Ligand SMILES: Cc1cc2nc3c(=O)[nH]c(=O)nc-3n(C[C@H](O)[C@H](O)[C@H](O)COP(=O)(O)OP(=O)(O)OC[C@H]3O[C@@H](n4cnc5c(N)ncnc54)[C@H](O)[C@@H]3O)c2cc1C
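Just one chain is shown here, as structure tokens, and it is the form predicted on its own.
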């Protein structure tokens, strides 16, 4: 991106304030963070959308900004380091959510790049050496063939098909397989690229850049929740952690009561069975890592629930390689749709186009006639079709429906995110939390705090960027001290089933804008989960426990503070936007199924009330949050509703 001299200098000074050179740690400038961050920003000249960070940078170096924040009529770049630190913390602790959100956006972006950029000329990062992280393991199957025949249009293209499936993840991939097996001529459009085993080397930077929506930087408009979603052939099934829960019976009954009786029927059970069989869901690869042994030890000591995780893998390493699962499985163990349903669809004649983003569905006389798309290189693609399946995720699906002219009041509403974050514990023993089975066990001890609402406890591999995502920043020294303890750190994820919701709208260019604020009801559950996670960590022997709040909240069991003082600190730090780091891997509900247009976007079969043969088959179709990792539920709904569509003449 072309930035002004003022913006370039402000960005460099901000990055350098977060991470100056210090006690053997390289500075952000030495690591190339400012340049990498500038390169990652979308160019407003190309997108037509303004970039908020550029507006912030224009303000940042003004004398008035310094005057009002640190009472110094000196530009930010001219302030001593301690004054620049105070200016950042003034934003972090502001009473204004917009300022807190801006700080969190900067903290995450600068922190992510600081820990995941390689060293010069591709050498291991000098940051990694400070805490013994080995870096990417490298490709494990260099000669692996690519099973899918994926096309990237290199010119303006006109195609015809019976059904155009938009998206290739759990919903789109499954729907394509069912429809193609029924004899339909299917074309699948995927906005992301095609990568497979030989491409997966465990590098965080390449993984996020190639496989994730907005290169992993996506977030709600107020930056209260980071949004992690796959954008590649196979979608989220390529980057998820293999967790494969069936839709819980209580959620099935709840959804059936909204006017969709088949959720509680044997018909849906058969779809669940079918997708679990095709994705090879099992509990045969659940060796507990050192990281998860901490959670199991704590749960056992407390007498709390603990069980083995169902996972969609065959021949999983469960060791070093497994810890890099979020950047694609390098040994091909993860049974993503790219390994299963998309391959089935291709074998039945389906065609797959990558790097091709759908712009709108053309609707004439109330029925689908075509899908209009554009490639990353700017080529126009038109697929004339009799039906379209929209499965591009709960952020982009409602945006596509709105760009296509639909006006149902529920489009984009009822956004659920399963907000999640980590409470961390530091232990005497070395854990190396970036290694081992991604998610081998879980706990449902507190899933029913209020009816069907509560939290699940799960862990995840702590690659440096995942650790940095929740690491509080108060000073460079404190942040680095915590990062240096990473080999001895384990984190427990607290995942809430959110009752209340947000929304997705579109800006003037048609790009989705996500709005979400944690309600008091849901915040109370996150709070209870953080307390529960601290109890697990303390019971497991943690020497230091800290939360992901912007203000540093911690205690040292038996040495300094107690669980009660920790709870008081968290409450004082706050649970609002920008006060605690939250993320979402499960984005749901913005085009939900229902009994009527007065309460939903589609009918129980996934067909939009406003347009014939326009179907939604992804996480946006959920009537409410699923309460469990949603991949299997998405695939099963698509399996059932694609079967209904296939049976139509």
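This is a predicted model, so every value here is computed, not measured. Positions refer to the first chain, counted from 1.
Just so it is clear, the following notes concern the form predicted together with the ligand, a form of the same protein that is not shown.
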* Asked: Out of the stretches listed (251-259, 175-183, 126-134, 392-400), which one is close to the ligand in the predicted bound form, meaning heavy atoms within 4.5 Å?
  -> 392-400
* Ok, 297, 480, 446, 357: which has a heavy atom sitting within 4.5 Å of the ligand in the predicted bound form? -> 357
* The unique member of 113, 329, 431, 228 whose heavy atoms fall within 4.5 Å of the ligand in the predicted bound form -> 228
* Asked: Taking heavy atoms and a 4.5 Å cut-off, does residue 629 contact the ligand in the predicted bound form?
  -> yes
* To do: Answer for residue 496 alone: is it within 4.5 Å of the ligand in the predicted bound form, judged on heavy atom distances?
  => no
* **Touches the ligand in the predicted bound form: residue 462 (any heavy atom, 4.5 Å)** => no
* the ligand contact at residue 240 in the predicted bound form, heavy atom, 4.5 Å -> yes
* Honest question, do 189, 212 and 618 all end up within 4.5 Å of the ligand in the predicted bound form by heavy atom distance? -> yes
* To do: Pull the contact list for 575-596: residues with a heavy atom within 4.5 Å of the ligand in the predicted bound form, in sequence order.
  => 585, 586
